[in-house]
Ligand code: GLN
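Shown next as structure tokens: one chain only, the form predicted alone.
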Amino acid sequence: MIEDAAVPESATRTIRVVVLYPDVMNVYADRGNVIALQARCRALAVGCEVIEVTLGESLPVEADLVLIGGGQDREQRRVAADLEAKGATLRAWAEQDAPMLAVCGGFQLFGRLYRTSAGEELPGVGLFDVTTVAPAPGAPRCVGDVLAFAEGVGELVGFENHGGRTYLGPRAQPFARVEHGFGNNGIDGTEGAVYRQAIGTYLHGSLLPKNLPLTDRLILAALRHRYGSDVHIEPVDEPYAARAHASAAQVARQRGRVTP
């Protein structure tokens, strides 16, 4: 379903954004990432066509950017098989440098597998070389404000709330390094994973409204996917976004767990 084809009158370029399972995988304000992306595209005079794809629906022929949010074990079970069936197309898009943002439960299912606390193994897309294992019932969750640093983006802020512990395989690269918070597993200081232009992360919040450089990175990668590598965007200041980021960073430094 095409939700929105918001094209400013001044726009000469448009990106096609596929949002996976927005009616199922949407906790902790992850849908705000779509809203922030649309708003930023308007500010940059870029058209933003949003295509929602849910259970049982086919992927479009092409996409310039893919988003998927988080969900509890119940929601992950609902989408796992359907997502695995779409895996070949998603992996092909990633190899073509289509950017992606997979958050929390979506990140886990973009990995190799997610093993629930009951021992059930949910298949993953295999885009990221990561494995997620839920601890035994009663184990503490990874919850709190996060401050991290990502190459090419800089300082990141967000909020995490996950039980599963994610471990990077030998071919995986972390998206960021955590200064405050748990990150992937609370042990190794890594946060998320990155493969080509695809990003997996545990950061909710929602993430994009408070991290403008990341939003711009995704938009630029989407434009280059569609129009070629010589595309550039002119920076546009967003003072509200800057203040929101600064406030969240201050909270993370004051209240976030100091990463060992």
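None of the values given here were measured: they were computed from a predicted structure. Don't overthink the numbering: it's just position in the shown sequence, from 1.
The same protein has a further form, the form predicted together with this ligand, not shown here; the description that follows concerns it.
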Would you confirm whether the three residues R16, V66 and A98 all fall within 4.5 Å of this ligand in the predicted complex, going by non-hydrogen atoms? no
Might V53 be said to contact this ligand in the predicted complex, defining contact as any heavy atom within 4.5 Å? no
Does R141 reach this ligand in the predicted complex, with heavy atoms at most 4.5 Å apart? yes
Does any part of N184 reach within 4.5 Å of this ligand in the predicted complex? Heavy atoms only, please. no
Within a 4.5 Å heavy atom cut-off, is V27 in contact with this ligand in the predicted complex? yes
Exactly one stretch in 83-91, 144-152, 157-165, 173-181 has heavy atoms within 4.5 Å of this ligand in the predicted complex; which is it? 157-165
Quick check on this chain: which one of R40, H204, H225, K210 has a heavy atom within 4.5 Å of this ligand in the predicted complex? H204
Given a 4.5 Å distance limit between heavy atoms, list every residue of 88-114 close to this ligand in the predicted complex, or none if there are none. C104, G105, Q108, Y114
